[in-house]
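Read the single chain below, which is given as structure tokens and is the form predicted alone.
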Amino acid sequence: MKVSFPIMGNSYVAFKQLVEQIGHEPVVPPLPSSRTMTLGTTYSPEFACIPFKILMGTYLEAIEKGAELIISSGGHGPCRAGYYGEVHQRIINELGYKTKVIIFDSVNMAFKDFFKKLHYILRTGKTSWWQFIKVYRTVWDKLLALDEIELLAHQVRPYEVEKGKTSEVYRRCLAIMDQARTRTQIKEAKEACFRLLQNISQDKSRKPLKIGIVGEIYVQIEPFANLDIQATLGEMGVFTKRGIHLSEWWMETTHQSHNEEKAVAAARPYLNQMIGGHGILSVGETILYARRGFDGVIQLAPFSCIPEIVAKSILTQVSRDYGIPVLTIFLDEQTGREGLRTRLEAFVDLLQQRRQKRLGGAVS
């Protein structure tokens, strides 16, 4: 069966191998582009948020490439993401396509449903559970390695001497990781990518500003959705750390990590209940960034995202209490790259002036 999946950051490199090794033919959709957005906005409800529209466009591009089944993830709580799969399926059917959409909700929230769907995919791919466990371990290694490489790229970029060099090397790294198939090859490929990134000419005398990125998970992870904000800031000489990577999300979901609990605990004085999406984490992570000495925080939110709107209203008080500037950026199909760059430059200037003022005060 021809199986596709959404593009979300670098994860497509790992998902491609997962689909292939459980007995299906992977259909990798094109990386999101203006065409993806045009398709998505044309066939989505007007009020839908930008993740919905990009996914809609991505699914249609995957269907053009022959996808018979699309595997995606869902959501729970007040966030509308919990309904996305059903709405996407309905639109696909109304357009006359027979492609099926299978949504995997969090394994914690829907244990039986999760494994029932997984069993169907393995059975149709003629893959046993034992074979799947072996494949899972390999693909998990690849997903972890991809995120570690991306993290290193974000650490190197603010120091690069030749602007844009890190992004160029990072793209080569994705191609290298795509070729690695076994656990040994993945380890060797990761080490090769680390060497490539570490060998980029850097000016270590710089003292980059540190900005934390919080917000809704899709617009944090997918560069097309956030107009490649981390690379843009990195090339301005700013170190960025975002709240979540896909491997971290999976570890949180399966209780292998407890970083979210720390963020939820930090948010409790301001927000003591889940509001859907990643709203409470946006509040908690902002406080944690402030405690860790970051210079500022950027909240990324799809336009009209209720959890992030609630978080934004609370972040005003958090910003005052912790003395950390917070810039909220709502993203939709009208958001332009140059307009975003102008806002980022103004925010970076503000943070730079605050740092100079603070250092001046310390000296006097």
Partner chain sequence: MKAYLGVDVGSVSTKLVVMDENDEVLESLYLRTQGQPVKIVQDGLRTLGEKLGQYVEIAGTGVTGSARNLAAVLVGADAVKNEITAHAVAVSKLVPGAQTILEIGGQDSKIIIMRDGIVTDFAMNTVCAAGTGSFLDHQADRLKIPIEQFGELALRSKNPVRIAGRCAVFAESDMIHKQQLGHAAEDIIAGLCEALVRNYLNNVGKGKDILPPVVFQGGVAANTGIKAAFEKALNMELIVPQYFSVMGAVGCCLLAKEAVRGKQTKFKGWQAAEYKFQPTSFECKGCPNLCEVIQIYENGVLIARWGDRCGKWSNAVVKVG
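Bear in mind that the values here come from a model prediction, so they are computed numbers and not experimental data. Residue numbers count along the first chain shown, from 1.
What follows is about the form predicted together with the partner chain, which we do not show.
Scanning K241, K262, R171, K187 against the partner chain in the predicted complex with a 4.5 Å heavy atom cut-off leaves one residue, R171. Interface residue among E191, D113, D228, E148, judged by heavy atoms within 4.5 Å of the partner chain in the predicted complex: D228. For the candidate spot formed by Q17, E25 and Y97, no residue has a non-hydrogen atom within 4.5 angstroms of the partner chain in the predicted complex. Residues placing heavy atoms within 4.5 Å of the partner chain in the predicted complex fall in a single listed stretch, namely 329-337, out of 329-337, 64-72, 292-300, 49-57. Remark: I306 does not count among the residues lining the partner chain in the predicted complex, judged by a heavy atom distance of 4.5 Å or less. Contact check for T316: a heavy atom falls within 4.5 Å of the partner chain in the predicted complex. Looking at S33, you'd find a heavy atom of it within 4.5 angstroms of the partner chain in the predicted complex.
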